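The chain below stands alone and is given in structure tokens; this is the form predicted on its own.
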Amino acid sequence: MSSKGAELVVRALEQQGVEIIFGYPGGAIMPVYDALLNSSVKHILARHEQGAALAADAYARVTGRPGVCMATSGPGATNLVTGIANAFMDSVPLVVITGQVPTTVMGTDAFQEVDVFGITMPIVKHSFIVRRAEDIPKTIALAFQIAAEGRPGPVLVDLPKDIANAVPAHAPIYETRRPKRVVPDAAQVQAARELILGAQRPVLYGGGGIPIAGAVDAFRAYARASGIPVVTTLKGLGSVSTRDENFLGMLGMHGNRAANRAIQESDLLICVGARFDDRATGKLDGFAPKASVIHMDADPSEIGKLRFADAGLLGDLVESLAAMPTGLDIAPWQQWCAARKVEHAWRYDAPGDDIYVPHMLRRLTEEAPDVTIACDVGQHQMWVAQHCHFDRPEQHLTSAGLGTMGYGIPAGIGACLARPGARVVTVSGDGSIMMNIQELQTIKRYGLDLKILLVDNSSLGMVRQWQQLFHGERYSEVDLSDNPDFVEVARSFGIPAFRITRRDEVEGAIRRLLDTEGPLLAHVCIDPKSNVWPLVPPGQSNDVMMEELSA
């Protein structure tokens, strides 16, 4: 008996080595859910389609393989959109399968019909609408290939219900081609070598493209062999260990002052897998004003897009790095950077009895250097980036490009499933956690060992900080003091929880988080006026950094 289209979808997923799908069923996608009952693929039921997409995103970041999420047509598909955009902005390989109304009623405003192909066109690498059941194996195979090759990203497969129920005349297994490696141009390699050999104050500027390209070891080897000081973007954290003596810190709006000062004084930027994002560069025409630029990237659209590249190395980052010269004579510059690192080292001696979140986060990763942090968006996101130690980039899961509140819990779920037995902590805020708090039930249902460190300042902290500094202390819609009791909320989902309010409770809380088996939520209450420092004001260059205001 021939298989239906939905069964071909599941078989094609199995052929791609898919072990886990995140999703939520509904009418148009129901045939695929029926076929899943006879499959080895494990389905994780999120409690909102956005949660499914964000969990699949984190699963992909940790495993390095495309994550898969699935939803029905109409609101199911539109609820995936934020997760798709998140993956697109951060170059995460994602295969998104949406049910669609039957082809016979497409375009008639049928029940739960939306043009998800058109809606998502700006935020996917590619889209498919399956028109024949015979095309399903090829379509699924191509979706995985496109999602993963080159600069990764999300690929949409829209599957009409009648195609899912159709019996194809034939359905051959489709084998995808091997991606062709792009070798950096020899002339550009030579130009880059000459720039490095002639530089007195070079800086390695690493971004999220390094782990995507599998170039972490190559990047570390070159940094070590060349002795060039290293800064990274938010998404590049962990590309060299944050404990490395040559690492100056994250650059940009909330970066370390030593990193920003080194960039501003450099005469050569070696940009590896970064895109000169505005949060990293500040005022672009004031960014590294004395520096020439070498730009290494897998995406030709990025090289020279925002900053002229004196040498543009398109292609494999491992090959590009291996071709660069080492044994450089830059001792005075190394000493200057080392002195700035000491001068601008983070301090953890804040006065008072209130909990100082930067110190708590630093202590967490000192006690658990193997921990994976799945971070939400807000002030706590910047504190994590500034103060947590990361030895590998997959230890730091964060929504960098889109800044998606509600990312933390689904990302923690994805990380737990990607690496069973790993130590995973979601760091969230009282604003962010409410965005996808329903996923506490997903944690409970699957018995995931996810710890949640909830930083509660009773406000939308980052917005409040900006309103304080740049809007004349006119506070508009940032008060969250009427939030529910988060300890009771967690317990109502069957997740143990506790609360701390004083600094002398921090060490015990960290031990409890690390030693407790199963899920646990720590509700950490902090001063509502706490701000993230330093800060580059909007429209300013990175050498203009505001420090904490005096009381």
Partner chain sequence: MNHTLQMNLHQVEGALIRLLGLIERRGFAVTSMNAYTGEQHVEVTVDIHSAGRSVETLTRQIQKLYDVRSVACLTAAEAPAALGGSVAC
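Predicted, not measured: the structure shown is a model, and the values here were computed from it. Numbering follows the first chain given and starts at 1.
This protein has a second form, the form predicted together with the partner chain, left out of what is shown; the following refers to that one.
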Legend entry - residue 254, heavy atom within 4.5 angstroms of the partner chain in the model of the complex: no
Inset, instruction - Report yes if any heavy atom of residue 278 sits within 4.5 Å of a heavy atom of the partner chain in the model of the complex; otherwise report no. - result: yes
Inset, instruction - Verify the contact flag for residue 175: yes if a non-hydrogen atom of it lies within 4.5 Å of a non-hydrogen atom of the partner chain in the model of the complex, no if not. - result: no
Inset, instruction - Using a 4.5 Å heavy atom cut-off, state whether residue 244 contacts the partner chain in the model of the complex. - result: no
Inset, instruction - Select, from the options 450-458, 142-150, 473-481, 376-384, the stretch whose residues sit within 4.5 angstroms of the partner chain in the model of the complex by heavy atom distance. - result: 142-150
Legend entry - Proximity to the partner chain in the model of the complex, single hit among 305, 132, 444, 419 (heavy atom within 4.5 Å): 305
Inset, instruction - Identify, from the list 179, 300, 214, 107, the residue with a heavy atom within 4.5 Å of the partner chain in the model of the complex. - result: 300
Legend entry - Heavy atom of each of 117, 121 and 124 within 4.5 Å of the partner chain in the model of the complex: yes
Legend entry - Contacts with the partner chain in the model of the complex - residues in 185-215 whose heavy atoms fall within 4.5 Å: none
